[in-house]
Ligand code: HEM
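Let's start with one chain on its own, the form predicted on its own, as structure tokens.
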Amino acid sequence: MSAHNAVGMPPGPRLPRVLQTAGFIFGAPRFIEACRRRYGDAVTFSTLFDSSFVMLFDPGLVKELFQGSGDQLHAGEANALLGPVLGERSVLLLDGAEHLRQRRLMLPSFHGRRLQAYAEVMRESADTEIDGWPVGQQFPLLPSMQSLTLRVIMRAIFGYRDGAEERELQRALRAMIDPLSRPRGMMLLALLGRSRDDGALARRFEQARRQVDQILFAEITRRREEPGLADREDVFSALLLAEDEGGTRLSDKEVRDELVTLLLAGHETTATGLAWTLDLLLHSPAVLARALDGDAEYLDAVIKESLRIRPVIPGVGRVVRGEPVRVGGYLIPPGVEINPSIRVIHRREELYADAGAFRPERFLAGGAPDTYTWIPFGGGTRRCLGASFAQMEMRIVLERVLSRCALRAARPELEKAQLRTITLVPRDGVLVVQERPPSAR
């Protein structure tokens, strides 16, 4: 259908909003897939939380959306639920020119020489975590991966080294983010969005956030006065020195918001991705045997295939503003959110033969899927800033675990996924057993 002949909203189920809501809560993958099969690659849904939104299931439609105007398609507004945690100046919550400014200032910290400078921090953090694993008894990998990735954030992003200051900030950060990582984390975010909410849970969160802010603002003030700031290699210091085209630097509030954003975007998500990758590996003997060779290209393929089968984020969003937006022959009016479904696209048989199988070979030279078929980090001008950082960290951690440890899955079946706030995590944390002490570093 040509653009000038575009019609209104895509078709969708006519079920009452309460039943559609139940479908998303109790059987999201099956419900969404059934609707895709019946109504097509663009489907309109209506729930108790959103009276009208559109989900996309086709790479071509996703390409149209990701290449659309940032002035008209607001990803920041789609992330508004995270505002009470990240802060209003977070790059994830900004749109248009403001978003592009913040992104340009942050991007250099995650590419080239700076990115490679973090490799040793990642390696040391992985070894420290591995050294603490029990031998011969069952333990969950996810909490350990969370501890590891938080240590990397503390050192590569915040620039701390082992000591009282790092431990104080870690305690404060965990007190703030732990409640959001639980199954009812989304409910807490919704409560925080209500300005008059004074429930005990919200009060505890506000207290934890104030403690984090107190530490960060004090450190921002101290570092701005540090003579050797330009010699530091951490992202925190780079943000303090970054200038836009007009020579203006980020404000204290902007630096704070971006630091918390990097923490949440690069800590829980990477830890979850690592846990899923190891779960898949330990249940796939042939893949594990090849991965043990340590070939970097194959390990990258393992990670990409894991992020395909087990995407950490099930979908992304854009809210239409200004004029209606044409997508796939439909005309989406202002105020409607459009959500590409990462989880469904990654599991389509038309795109991935035997889509449920764990086959890293899909991502080796010559056969890798295109930009809009594999989208665990989103896409367009809103693609995750830390995608390269996360993939490098996952590869380094995976290499250290495989080269030093002899792990086996504690259960014969793969973990079930559970939605916690906005991430899909392994419900029981990926239970494993280390069969011998780890080899020397």
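Residue numbers here begin at 1 and follow the sequence given. Keep in mind the model is a prediction, meaning the values are calculated, not measured.
Heads up, the form predicted together with the ligand isn't pictured, but that's what we're talking about next.
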Picking from L173, V312, V325, A301, the single residue whose non-hydrogen atoms come within 4.5 angstroms of the ligand in the model of the complex is V312
Exactly one of S237, T269, N339, Q211 has a non-hydrogen atom within 4.5 Å of the ligand in the model of the complex; which residue is it?
T269
So which stretch, 331-339, 241-249, 125-133, 87-95, is the one near the ligand in the model of the complex (non-hydrogen atoms, 4.5 Å)?
87-95
Find out whether any non-hydrogen atom of Y352 is located within 4.5 angstroms of the ligand in the model of the complex, and reply yes or no.
no
Hey, in the model of the complex, is F389 touching the ligand, heavy atoms inside 4.5 Å?
yes
Determine whether any heavy atom of P59 comes within 4.5 Å of a heavy atom of the ligand in the model of the complex, and answer yes or no.
no
Might L82 be said to contact the ligand in the model of the complex, defining contact as any heavy atom within 4.5 Å?
no
Please state whether all three residues L307, R383 and M394 have a non-hydrogen atom within 4.5 angstroms of the ligand in the model of the complex.
yes
Heavy atom within 4.5 Å of the ligand in the model of the complex - qualifying residues of 102-120
R103, F110
